[in-house]
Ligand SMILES: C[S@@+](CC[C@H](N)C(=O)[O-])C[C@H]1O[C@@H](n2cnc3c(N)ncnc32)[C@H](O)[C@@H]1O
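Shown below, as structure tokens, is a lone chain in the form predicted alone; questions about how it binds or moves come after it.
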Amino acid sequence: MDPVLCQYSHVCSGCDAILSSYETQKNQKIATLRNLLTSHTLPEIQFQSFGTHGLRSRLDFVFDNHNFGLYSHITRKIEDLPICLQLSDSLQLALNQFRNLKPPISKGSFRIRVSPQEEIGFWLDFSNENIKDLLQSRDYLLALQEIGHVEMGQRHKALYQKPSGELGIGQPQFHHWSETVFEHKKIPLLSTVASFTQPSHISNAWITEKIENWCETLKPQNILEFGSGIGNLTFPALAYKNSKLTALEFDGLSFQALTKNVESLGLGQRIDLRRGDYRKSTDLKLSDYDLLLLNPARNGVGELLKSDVTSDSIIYMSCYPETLALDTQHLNNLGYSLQELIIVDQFPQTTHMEVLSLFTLCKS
């Protein structure tokens, strides 16, 4: 395929590979991953594509003096992006509506999210002073609230209107902003607008189905999941009906959402929820688990794999292949080998990649 033509590609820093053909991007990503894992015996590296653009169901932009977009790699100022080819049609429409309102502040970051049902959510990551001013002036926030759900600040506080007519922000509200699969059916997941999710409903549907199919084949009795988030991989991992899962999550709001999602499906008997920083230390006996499901941040799993790892299988999902390569070396030393290795290309036109891998323990 020829390069995607974008009128902002000469200045926007968002798509650092857009000047290359999609076939070239594919080959470069495969080569990058192979070079990072060059000291290991690798299966064929698979490449799962969903097209060249139009995938994203959420965006993160910066607002600066009436410019809505990303930093220019030439001027280092915010480049105004009325149109972004990475966005789904419904997300582009939501961006258009947001831009038309023009926030009465000078600068801030924001997220726009569109749910699978095309509901719109806004997260305004503005300063406390700007939030206070917006609450007092009212008009902008009321107009934004007519379009979709609004939350503000680092604590994801939800906008609401008091009986007096004044605006306030209260406890986070959890809505069905994404979905996963359970028993081969799509199920909605509760979260805040600002919660971490995969960037695309399309790619996430493929990822969760792949996890479910793997777990259905592996038939694990006891699963340990690191980095559970709101439960995106948690529920497909329970594909084998006799399995139980221990979910580890550090972030407080993600843990609240995960708890609500477990309760809504009535799976409290099968899922043991634990909150804590398990990168630093763990009181868990890893030998009790026959499957590890790892979905760490870019800094990896830390000390988790330093204890008695004897699980039959490990599923490792990573958006940072450099960390995956380091953990792969450690897993190889423990007797694990890669059985499947998949680049999930949910970031086309960039050098960024998501990698899904399956390890099995080589038993003598």
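In this text the structure is predicted, and so the values were computed from the model without any measurement. Numbering starts at 1 and runs along the sequence shown.
Not pictured, yet referred to below: the form predicted together with the named molecule.
Taken together, Glu249, Gly276 and Arg279 are fully in contact with the named molecule in the predicted bound form: each brings a heavy atom within 4.5 Å. Mapping the unseen interface onto this chain, Leu326 falls outside it, with no heavy atom inside 4.5 Å of the named molecule in the predicted bound form. Contact annotation: Phe196 falls within 4.5 Å of the named molecule in the predicted bound form, judged by heavy atom distances. The closest heavy atom approach of Gly229 to the named molecule in the predicted bound form falls within 4.5 Å.
Although the partner is absent from this view, Ala297 contacts the named molecule in the predicted bound form, with a non-hydrogen atom inside 4.5 angstroms. Here the chain stands alone, but in the predicted bound form its contact with the named molecule, taken as any heavy atom within 4.5 Å, falls in 232 to 240 among 232 to 240, 127 to 135, 257 to 265, 113 to 121.
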